[in-house]
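A single chain, nothing else alongside it, follows as structure tokens in the form predicted alone.
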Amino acid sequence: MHRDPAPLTARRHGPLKGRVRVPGDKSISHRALILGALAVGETKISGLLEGEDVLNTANAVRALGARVEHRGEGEWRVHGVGVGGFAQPAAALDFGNSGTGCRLMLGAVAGCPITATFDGDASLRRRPMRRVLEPLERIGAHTLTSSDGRLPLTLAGARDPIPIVFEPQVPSAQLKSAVLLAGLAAPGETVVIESEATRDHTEKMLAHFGAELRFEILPAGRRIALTGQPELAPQPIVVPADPSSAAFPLVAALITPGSDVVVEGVMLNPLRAGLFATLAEMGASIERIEARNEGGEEIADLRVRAGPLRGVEVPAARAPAMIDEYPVLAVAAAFAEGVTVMRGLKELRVKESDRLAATAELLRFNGVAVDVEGDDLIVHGKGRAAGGGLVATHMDHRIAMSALVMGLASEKPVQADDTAFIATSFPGFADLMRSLGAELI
């Protein structure tokens, strides 16, 4: 689908003040729709992220035979068809820009005796799917057509799914989740052995719907065993605010002098809270207010006040807990005093863009000294940034938002060449930031 670029410029315009709630968590939203579709009966979802990525997942489960109803802002109902119950779709499933939606749905379809074609936009067509397809083929699915393991691809699901023991070569919640979703339809136990723990939303939500899982902590990582062929029972789901989206107003408040902002209801799952831990090490003022638990997830309101930051070293082991937040962390690092080293960012090279290269480019275009050494990003912070750059966003929503956050505190305005893709994860981003006092034109 062709769309005109939507450039946007951010400029410094005084402190940011106020309370906001960012959209619902994207990871939880995808999973709520998929597991609702695999349950028997009606699942009620509130707070669903209504960005393009999640809406494409909603369209996909609808095309596969589930009944999906929109009842009002964030309010959805999914009438599921049961494990292994997906129907043959009449047309290709289009996931737009969403790698998460596509990879999770590959897993969900792999356990069903149907054939489906998966497609997406130009950015998603460049992203690798081979490492997801390999374990799904061991379970019994077959890739019928694909170019080099990329979209568009046609997958024939397993007629008799086989439980497997799978040890991912790289830490990936999407890969783990795809295997567990396919394993739902297999008899016996499907096992995933992780060398290091990745975000566990799929496991928590599977348990919420009544699936039987066993966990074992290993000397290095953990073992997850799922008992196959459960009857998933519908459960209400309240989607918490997305920490990856909260990162943008939060970092903007930290680096814009005089700012005092509260971001409400943010999910603080320890496997997603790497950014908050890193910013705390940098000296950020982030206060947790009214910590609580909803649907098995830790959440709290976060009060953020501007103040000086210092450079730190971010270990590679933290990458899975903050993989989507590195671009905006790099912006915070530019405004810190001293060097910030972010290690082990290989996964950033296969995101919506080569996000590692795009992040380095974003900083350089705005007068910040930055080095890329292998898979490490090194930012030489000076406590300020010149700005004045035109940032190529490469169809990447997080690069676009990071550029605009930088412009709110830099000496000269910063322009993002195209912000249309922000709607994939954060609809209403510009208006929310303006409500805090940001100047975006």
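Computed from a prediction, not measured in an experiment: that's the story for all the values here. Numbers follow the displayed sequence, beginning with 1.
Quick note: we don't show the form predicted in complex with a small molecule, though the next part is all about it.
K.L.:
Each of Q174, R199 and D324 within 4.5 Å of the small molecule in the predicted bound form, by any heavy atom, yes or no?
P.N.:
Yes, all three are in contact.
K.L.:
Can you work out which of N269, S146, T100, Q235 has a heavy atom no more than 4.5 Å from the small molecule in the predicted bound form?
P.N.:
It is T100.
K.L.:
Among S402, T393, S27, T57, which has at least one heavy atom within 4.5 Å of the small molecule in the predicted bound form?
P.N.:
None of the others qualify; the residue that does is S27.
K.L.:
Would you point out which of 137 to 145, 108 to 116, 210 to 218, 316 to 324 contains residues with a non-hydrogen atom within 4.5 Å of the small molecule in the predicted bound form?
P.N.:
Correct option: 316 to 324.
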